[in-house]
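Below are two forms of the same protein chain, given as structure tokens: structure 1, then structure 2.
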Structure 1
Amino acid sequence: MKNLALRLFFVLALPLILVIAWWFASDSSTDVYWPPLHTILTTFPDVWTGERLSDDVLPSLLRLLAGYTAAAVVGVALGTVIGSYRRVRAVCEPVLEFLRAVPPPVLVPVIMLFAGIGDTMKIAVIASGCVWPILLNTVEGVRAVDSVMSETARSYGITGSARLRHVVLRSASPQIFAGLRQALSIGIILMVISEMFAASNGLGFTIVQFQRNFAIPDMWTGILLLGLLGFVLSVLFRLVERQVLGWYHGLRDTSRRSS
């Protein structure tokens, strides 16, 4: 019980301080672009309830989910292959690095050529951005499998898919999760970017509309909502991670618990 209260305190303390600081700093602001926080907060419920929730937020979330999942599957699969074979890595790396350095806003037209302008395009844009941290981390994680462990696996004839499933992926999982975590927030960013092109609904689209139409407090509520969304998703993510990486946290915590 006491533990829970302490955790809650840690989660809330800093955000509260920041919000209070913001509140007072912006209280008397007359600048159109810096509306007072209380204006933003009173606008919030008006903007993000009712139809907007189902018409803009939900489609955005679904696209995010689809793009993220696609990126996770592709990133882990490709990363495992690239990480396991030095030659494949040598062949693929330049091309991948090349593609990775192309800014998504200029990549969007190209993706549009392949994927049209519908949800497929947006999902592709999200996936194309999320895939990099997952891919890179998977490659590194797979490359770093402990030599004694991989020898153990080899000597017991644990090869092929069993080796992949039981040894390589598990051993790389801490690093893969680091990548997945990174990708989550990149996904949200790309969700917004993708909705800046050829969209007619979505969270990103709405925010950009607000911005263009000088509905500045509304725009700020959008930014806040994105932050909240990111926060909620990361909490969910942490739950999953705790589940999957339970062994890892247990292992790493043993010494720390005592200090």
Structure 2
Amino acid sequence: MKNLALRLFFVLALPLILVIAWWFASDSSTDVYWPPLHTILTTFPDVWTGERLSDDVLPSLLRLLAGYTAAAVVGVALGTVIGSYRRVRAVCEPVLEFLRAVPPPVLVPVIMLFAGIGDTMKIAVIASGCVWPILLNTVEGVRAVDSVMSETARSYGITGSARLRHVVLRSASPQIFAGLRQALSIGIILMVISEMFAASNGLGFTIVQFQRNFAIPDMWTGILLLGLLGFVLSVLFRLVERQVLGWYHGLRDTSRRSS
């Protein structure tokens, strides 16, 4: 119980300090672009009603989920193949390095030419940015599979899909989840950017509309909502990671106690 309370303190202490600092720093502000925090918080429930949540927030989250899922499937699948075969890796590595260096927002106009301006374009933009950390971390995780473990599995007749599932992916899963964690933050950024181009709904579209109409407190509420969504998604991801990688965290905790 004491450890839980201490952990909660460390998690909440810095955000609380920053909110208090923001509150007092902006309390007497008369700048139209820097409204007081209490004005933003008062405006928040008036802006983000149930109707706006269903019309703007829900579509954004569904696009994020679709793009992120597509990137996860493609990234893990390609990363496993590339990491497992040295020749495939040698052929693909220069192309991967070139494509990874291209910023995903630059691809928005190109994707719009092929996918139009609907949800397909926005999902493709999110997937195009999220796939790289997942793919590259999967490649490194598969390459780092212990050779002794692989030989032991082969000697016991564990081959094919069983070896892939129980040896390769299980051993690489900590690295894969590291890529998935990085991709989540990238996906949120690209979700907003994609909705700023030829969109009719979504968080990015709504925030830009507030800015163009000089509804500055409303715009700040959108930014605040984005931060809250990012925090909630990060917490949910950590819970899933703890559940899936329970064996890995258990080994780490054991090694720490023994050392």
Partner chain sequence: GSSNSSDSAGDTAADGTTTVKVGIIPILDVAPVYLGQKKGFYKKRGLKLELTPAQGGAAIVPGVLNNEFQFGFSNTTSLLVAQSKKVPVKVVANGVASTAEEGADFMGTTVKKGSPIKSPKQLEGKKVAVNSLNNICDTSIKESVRKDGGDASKLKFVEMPFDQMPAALENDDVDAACTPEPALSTVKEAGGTAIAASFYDVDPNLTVAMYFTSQQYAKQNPELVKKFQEATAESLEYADSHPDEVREIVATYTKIPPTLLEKLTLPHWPAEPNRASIERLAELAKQDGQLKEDPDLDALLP
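Definition used throughout: the rigid core is the maximal C-alpha set that superposes within 1.5 Å between two forms. None of these values were measured; they are calculated from a predicted model. Structure 1 provides the reference sequence; residues are numbered from 1 along it.
Visitor: Is the form predicted together with the partner chain shown as structure 1 or as structure 2?
Guide: Only structure 1 matches the form predicted together with the partner chain.
Visitor: Could you tell me whether the Cα atom of residue 174 shifts by at least 2 Å between the two structures after core superposition?
Guide: Not so; residue 174 is displaced by less than 2 Å.
Visitor: Once you line up the core, how about residue 77: does its CA shift reach 2 Å between the two structures?
Guide: Shift at residue 77: below 2 Å after core fit.
Visitor: Verify the C-alpha shift of residue 106 between the two structures: is it 2 Å or more after superposing the core?
Guide: For residue 106, whose C-alpha is compared between the two structures after core superposition, the shift is 2 Å or more.
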